[in-house]
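Only one chain is included here, represented as C-alpha cells and corresponding to the form predicted on its own.
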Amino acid sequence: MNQLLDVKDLSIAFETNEGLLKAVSNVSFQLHENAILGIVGESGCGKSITAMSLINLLPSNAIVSSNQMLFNGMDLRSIDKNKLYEIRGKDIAIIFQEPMTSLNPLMKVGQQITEMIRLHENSTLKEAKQKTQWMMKKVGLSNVKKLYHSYTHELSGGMLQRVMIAMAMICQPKILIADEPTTALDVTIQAQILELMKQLNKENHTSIIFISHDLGVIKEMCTEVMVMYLGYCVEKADTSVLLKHPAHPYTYGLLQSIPNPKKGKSRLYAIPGRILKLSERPKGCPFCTRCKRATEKCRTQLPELQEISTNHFVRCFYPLDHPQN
C-alpha cells in the first residue's frame, strides 16, 4: 500500500498564563491508502489535537513543530493558507464528536452539504443539490428530499451524525478524521455508524484516522493502533498484535477496563491513580505515577519508543512479558 501521510516528531505546546505547556511530544505515525489508523487514550492525552494539527485547526495559542508532515508527498508545514483551505474538506475531511454543535442550526442540513460541494467543486446549484441527495441516501438517510430542507433540531442524533458523514464524504476525501464520532450515540446507532464508515472506507478507498477512548470500538474498526498517554505515543502496532500482546502497562490497563459479560458481577477494572495535568507531566515515563512496575529509572528517565517486534513499538523500560533488568 502507498503511504498517504507521514508525520515525524510532531510536538504541540500551548502558550498559557501558567507558561508554555507541552501537550504532545515527538509523536510519529504513518497512514497508508485504504488503512484505518486508530488513535486511542483517555481524555486529554492529545489524540484530537494531534489529528487537528494536520490541517491547522488548533487555537491561535498553539505552537506546532515537526520534522516532517507529508500528505501525498506535499509538506503541510509549508503550504500557504489558500492551498490549506483547498485541502481541508476536500482531501482531508473531519467528522466531529458532537454534530449538534458542529452543524449550523440556522441553515437547512442539505444546504450545508451543498455548500461544501460549491466551495470545492465547479458545480451548478442543481448538480450540487442532486449530489447532496445522492450522498444522503448513500449514508443511510431516507426521505432525503424532505430531510434536505430540515433543520438540525428536527433530526435525531443518529441522523445528524449521518449528515456529518455525508458532508465529510461528499468530495470523496483521501483522508477522513473521525473524532470520537459515536460517543454521543446509543449502542445500536453506534454499530450502524461504525459499519457505515467501514463500508465507505472499502468502497471509496478513503483512509481513516479514527480517534477514540474505547479499545472495543478500535478493535472493530482499525487496522493499526497508536496508544497515547499524556501527549506521548506509548505503544503502536497492528491491531491484532496489540490486542493479543499488549506490551505497555497502560495499554494492558485499557484492555482490562473493557467490560466483559463473562466476568459476571465482578467489579470493573480501573487503572489506579489519575491523569496528571499538563503542568504536572513527570520528568521520566509519562505513566510512572500510575504504574505498578515503575522504578526510580522510570521516574527520572524518559524511555525511547523502541521496536520490540515487527511493526510493534513501545515506550517502556520494562515491557510486559519482558524481564525487568
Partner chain sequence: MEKEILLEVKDLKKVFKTPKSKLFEKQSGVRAIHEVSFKIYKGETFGLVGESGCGKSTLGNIIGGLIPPSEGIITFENKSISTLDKKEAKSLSRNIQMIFQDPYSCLNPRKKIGWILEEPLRVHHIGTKKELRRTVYEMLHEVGFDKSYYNRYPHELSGGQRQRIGIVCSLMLHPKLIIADEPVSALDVSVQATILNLLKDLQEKYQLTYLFISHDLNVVEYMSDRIGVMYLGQLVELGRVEDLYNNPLHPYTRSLISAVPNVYDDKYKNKTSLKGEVPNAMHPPAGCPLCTRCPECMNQCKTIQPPLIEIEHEHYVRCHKYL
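A quick note: this is a predicted structure, and the numbers were derived from the prediction, not measured. Numbering follows the first chain given and starts at 1.
Keep in mind that the form predicted in complex with the partner chain is missing from the display, and what follows is about it.
Contact check for H213: a heavy atom falls within 4.5 Å of the partner chain in the predicted complex. Among heavy atoms of K292, none comes within 4.5 Å of the partner chain in the predicted complex.
For A191, a non-hydrogen atom is located within 4.5 Å of the partner chain in the predicted complex, even though that partner is not displayed. Among heavy atoms of L125, none comes within 4.5 Å of the partner chain in the predicted complex. Within 4.5 Å of the partner chain in the predicted complex, a heavy atom is found for not a single one of A178, Q199 and T206. Residues placing heavy atoms within 4.5 Å of the partner chain in the predicted complex fall in a single listed stretch, namely 155 to 163, out of 131 to 139, 69 to 77, 155 to 163, 230 to 238.
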